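Taking the form predicted on its own, here's one chain by itself in C-alpha cells.
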C-alpha cells in the first residue's frame, strides 16, 4: 500500500513539473516576442525635423501600433489578428479642448472626445466580442437593443444665448434622451423601456422614470445625424427629465467610458468639485454610424463624449480678469492620452487678433481657422503630442489675462424663450417667443412642444403672430394627450420674417391629479420640458460641405449639406407650473385628532373595566411608628 502511494506521488510530481516547464517556456516566448517587437519599433527609421525633434506623426503611429499590440495581447486575441495592420489602424481616439473667452469676462470650455469603432454589428449574423477602445458596456447595449443612434445629455443650469452666444452642441436643462432604433425592431416601446433602465444603471441617473407618459415620437424635429436617411418616426423615441439633478455620481461613469479614463490626457482636468462650481455644466454621449473616408467605402461607429462648462468670474471668487487652467480646473496638463492619435487644445483668438483684448501665454505659432456656426473663427493650437508644447517644466498651464473690456457681443441670429401667463390654478397660457435677428433674411424654423397630459391644451386657441400680424404655419403636426398614457406633441413649421419677433400662444387647463400622483413637494410645482427650435440659419461665410479628417471635432458634429446655411438647435427654458394641490396636512390633523380621541375615550373605559380599587388607610405618625417598633421588640401589644 505504501509503495502504491509512493508511485502515485511520483506520477503527480512528474505532471506538475511538466506543466510548470510548459508555462515557463510560454512566458519566455512571450517575453522574447515583446523584446523583439520593442526592438523592431525602436529600429524603425524616425523622421526628424529641422530642430532635431521627432515628427509627431511618426511618434503617434509607433505609439498606436505598440499600444494596439499590447491591448490585443492582454485581451487574449489571436496573433494574426493583432498583427493585421488594417485592424490596428481602424480604431481611433481623438481628444480636444476648446477655450473661448466670452465678452462678459466668463470662460467657456468645451471638451470633445471621439472614439471610432470599426465594426458593423447591425448586419445579420455579426457578433462582436472584442473591444479595444470602445467601451464594452455601450457596445453591448447597442447590439442587444438594435440601436442605430443614441444621444443622451445631462445638464445643470441654463445656457444664456444672449450673453454667451451659441454653444457647439446644445442641450436642455436636466436629462435628455433620444434614440433611433433599427427598422428590424418589432417592439420599439419594449426596447425603449429596457434601454432606459439599462442606461439609468450605467450613468447612475433617474432615467428609469422615463415611461410612456413623458415619451413622444417627433415627426420632423429630430433626424438621424449619422449614416442613413431614416424617415419612419415609428423607430424614434424622445424624452426629457427637466428636474434631473446632475452631480458627481453622473460624472464618474461618464469618465470611465474614456479609453484613458481620467488618468491621462485632457480628462485629468475633469475635477468634479471645480466643474460643478460653475454657472453651466453639461455632459453628453452621442453614438452614431459614420463614414471613415470621403467615399464612404468603410463604416464605423462614432462615440462622441462632450462636456461643456462656463466659469463665472464672480462665482469663482476671482478678484481680477485672469484665468488659467490651474484656476479653472486646479490642475495642469502634463501629457496626452497614450491611446489618442490627436490631442489638441484650441484657444479662440478671433476677437483678439493683435492682443489688444487679452494676453495669452505661453504663445504658440500654430494657428487654425475653422467655420463654426456660420462664422469663421481663428484659434491658437497647442498640440499635446509634441514634447515642446510642455516646455522644460513638462507642464502646460495656459494663462489668459484681460487688458480691457470685451465690448459688445454680436447678437445670435436665432433665439427663443418661453414663459407661463395667467392667474389662478384653473387655466393658463403658454407663450413661446422666437427672435430672428438677421437684418434682411427670412428663414423657416421647426418648433416642437411636448406638454404633459395634466396640462390640457386648447388647440383652437393656438395663435402665431409676427410683427402684430397673423403668421400661419405651413406645417402642423399635433398628437393629443391621453390621461396617464402619453403627453401632447405639437410640431409647427413657421416662417420667421427678417428682424422680427414671433410669438406662439396656446391656452391650457390644469387637471386634477390623484393624491398618489403628487410629488413629495407638490407646492414646489411641476416641471414642463423645454421647447425645441430647429432651423437652417443663413451663414455669414460659405460652409465647408466636404468631408475631411483634419476638421476640428467641435466644427464637424452636424453634417452640412448647404454652403449658405448651417443647422442650429435652440432650447428654451423649462416651465414650472403650479397645479391644484390638496391640503396634505389634513390627513395629519385627522390622524392626530383620532388618536387623541381614542387615547382619552378608550383608555378611560379600559381602566374602569380592568383596574381594582382599594381603600388606602392613613399611615401612623412617626412617633407612633417608633413606639410600635420598640413595643414589637419588647413583645408588648402595639398601639393603634
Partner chain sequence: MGLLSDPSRRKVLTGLLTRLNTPICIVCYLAGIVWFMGLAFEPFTLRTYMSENAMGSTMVSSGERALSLAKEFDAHKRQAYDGMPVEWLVKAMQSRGLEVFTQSFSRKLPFPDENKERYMVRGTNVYGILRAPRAPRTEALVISAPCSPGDSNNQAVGLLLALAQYFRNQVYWAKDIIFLVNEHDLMGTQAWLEAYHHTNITGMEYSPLQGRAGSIQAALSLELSSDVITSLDLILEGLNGQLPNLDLANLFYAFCQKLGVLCTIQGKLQRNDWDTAEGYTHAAQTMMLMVLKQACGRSWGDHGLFLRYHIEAASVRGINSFRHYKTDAATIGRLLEGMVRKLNNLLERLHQSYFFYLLPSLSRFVSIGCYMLAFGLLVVILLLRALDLWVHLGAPALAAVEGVTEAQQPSGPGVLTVLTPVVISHLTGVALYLLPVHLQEMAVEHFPVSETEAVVLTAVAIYTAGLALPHNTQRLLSGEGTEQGWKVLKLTALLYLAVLLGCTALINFSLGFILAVTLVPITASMTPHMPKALSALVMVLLSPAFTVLYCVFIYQELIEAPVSVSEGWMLFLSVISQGILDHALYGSLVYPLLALFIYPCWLMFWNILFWS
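Numbering follows the first chain given and starts at 1. From a predicted model like this one, the values you see are computed outputs, not experimental measurements. So that the term is clear: the rigid core is the largest set of C-alpha atoms that superpose within 1.5 Å between two forms.
If you look for the form predicted in complex with its partner chain, you will not find it shown, but the lines that follow are about it.
Residue 233 falls outside the set of residues with a heavy atom inside 4.5 Å of its partner chain in the predicted bound form. Contact between residue 163 and its partner chain in the predicted bound form is found at the 4.5 Å heavy atom cutoff. Contact annotation for residue 228: none of its heavy atoms lies within 4.5 Å of its partner chain in the predicted bound form.
Interface membership of residue 529, defined by any non-hydrogen atom within 4.5 Å of its partner chain in the predicted bound form, is ruled out. Checking 478-486, 368-376, 462-470, 428-436 against its partner chain in the predicted bound form, the stretch whose residues place heavy atoms within 4.5 Å of it is 428-436. Shown without its partner, this chain lists 312, 359, 348, 383 as candidates; in the predicted bound form, only 312 has a non-hydrogen atom within 4.5 angstroms of its partner chain. This chain appears without its partner; in the predicted bound form, the one residue of 158, 443, 178, 168 with a heavy atom within 4.5 Å of its partner chain is 158. Of the residues in 411-433, those that come within 4.5 Å of its partner chain in the predicted bound form through at least one heavy atom are, in sequence order, 417, 419, 421, 422, 423, 431.
Once both forms are overlaid on the rigid core, the distance between the two CA positions of residue 603 between the shown form and the other one is 2 angstroms or more.
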